[in-house]
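The data below hold one chain only, encoded as structure tokens and taken in the form predicted alone.
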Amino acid sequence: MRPPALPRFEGGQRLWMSSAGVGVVGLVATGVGALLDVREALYGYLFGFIYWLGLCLGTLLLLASFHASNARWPVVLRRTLEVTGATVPVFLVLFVPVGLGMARLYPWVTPSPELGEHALQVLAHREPYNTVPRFLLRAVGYFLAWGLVGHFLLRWSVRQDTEGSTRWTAWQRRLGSGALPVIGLAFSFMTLDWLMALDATWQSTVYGIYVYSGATVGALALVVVAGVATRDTQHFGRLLTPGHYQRLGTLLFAFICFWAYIAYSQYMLIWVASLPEEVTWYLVRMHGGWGAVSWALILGHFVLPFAVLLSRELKQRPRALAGVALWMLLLHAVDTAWLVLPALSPSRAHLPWTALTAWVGVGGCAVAFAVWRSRGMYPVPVGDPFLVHSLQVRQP
């Protein structure tokens, strides 16, 4: 079986322009919201930023994992993972509002006596780590690590399309294997700096893995939706077989279970220890409106998809699996809001309208950048020697 003669992707101009326009409108609307309530707008923006960055990094980690494991079946998916993982540079630009507004987001920047004596002592203990220059320097380091890995994995894959040399496969596998712990550690420290620090005393050694598992669920769901959406086009979706969807559905099922396991482990350990600086974070999310959101996550992010994805037949039906994937993308947004927004409104569940505009704005810019970067490339890595093996994947 020979790889199909797919044309290079030269379309998408309308999608690129419309996504960019929607993104600019969303960001401008969020800026108008900042004139009315800058703190609320910043929390809404952080929600949208973390949601889309998580999807980008989730695909990058999946891509590196596939290279590290020498997996052949996902080769036909790889260009989509490569392009999505290479959108990191746009997030560096989109991080600017977070850097400018950090004093209104993170208590350690300008500690207030209202935090209480214990919180002030904790912040004083963390002062060598929490300084503005070091915070910004670490952020640049994170983006540099993610950006370089994503750039070279895409660049070498594209060069292989024209040269056909197997050395590019070897280089990608070496980089994926070697960079996997680097981008994973950068991801973990990112969650500490940009999410955990929203609470003055909150600390958890499981937190980074929790955020990673949710981002990977979202990344897998995004690939499924992209595959189904491009089934009738000259893109990678028309090359996917029921065997690919079976494997994607199985991975989605596995990471949903992993997310639930990490969520339970974190809650159980904190409940057993019952330390004041830890339990407060959960107390806010167990009462009032946030308690209802917590139950929605338990049922919607685990129980319901767990029951549905037990079906082998459903995982082999692309449209049905895409429906589950869209649901998981929605619940991933709920999970991200559950992580970010209680720091803004601990007494009641509140979704500011700037969270919606920021979600649209950041997402529009990210999609526009990905479509723009895809132009001129083949929709699948046609030079990869294992593409034929990937196209022959059948149901296990």
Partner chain sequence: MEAKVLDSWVLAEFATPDILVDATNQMREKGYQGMDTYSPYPLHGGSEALGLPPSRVPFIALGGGLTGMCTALAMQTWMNTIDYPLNIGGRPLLSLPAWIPITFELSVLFAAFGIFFGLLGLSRLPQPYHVAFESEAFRSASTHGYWLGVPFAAGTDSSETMNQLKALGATQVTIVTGEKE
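Remember, predicted model here, so these are calculated numbers, not experimental data. Positions refer to the first chain, counted from 1.
The same protein also has a form predicted together with the partner chain, omitted here; what follows describes it.
- Heavy atoms of every residue among 264, 268 and 271 are located within 4.5 Å of the partner chain in the predicted complex.
- Judged by heavy atoms within 4.5 Å of the partner chain in the predicted complex, the contact stretch among the candidates 89-97, 256-264, 114-122, 153-161 is 256-264.
- Site annotation in the predicted complex: the residue of 310, 182, 206, 326 reaching within 4.5 Å of the partner chain with a heavy atom is 310.
- Shown alone here, residue 389 lies farther than 4.5 Å from the partner chain in the predicted complex, counting heavy atoms only.
- Shown alone here, residue 8 lies farther than 4.5 Å from the partner chain in the predicted complex, counting heavy atoms only.
- Residues from 358-394 that approach the partner chain in the predicted complex with a non-hydrogen atom within 4.5 Å are limited to 394.
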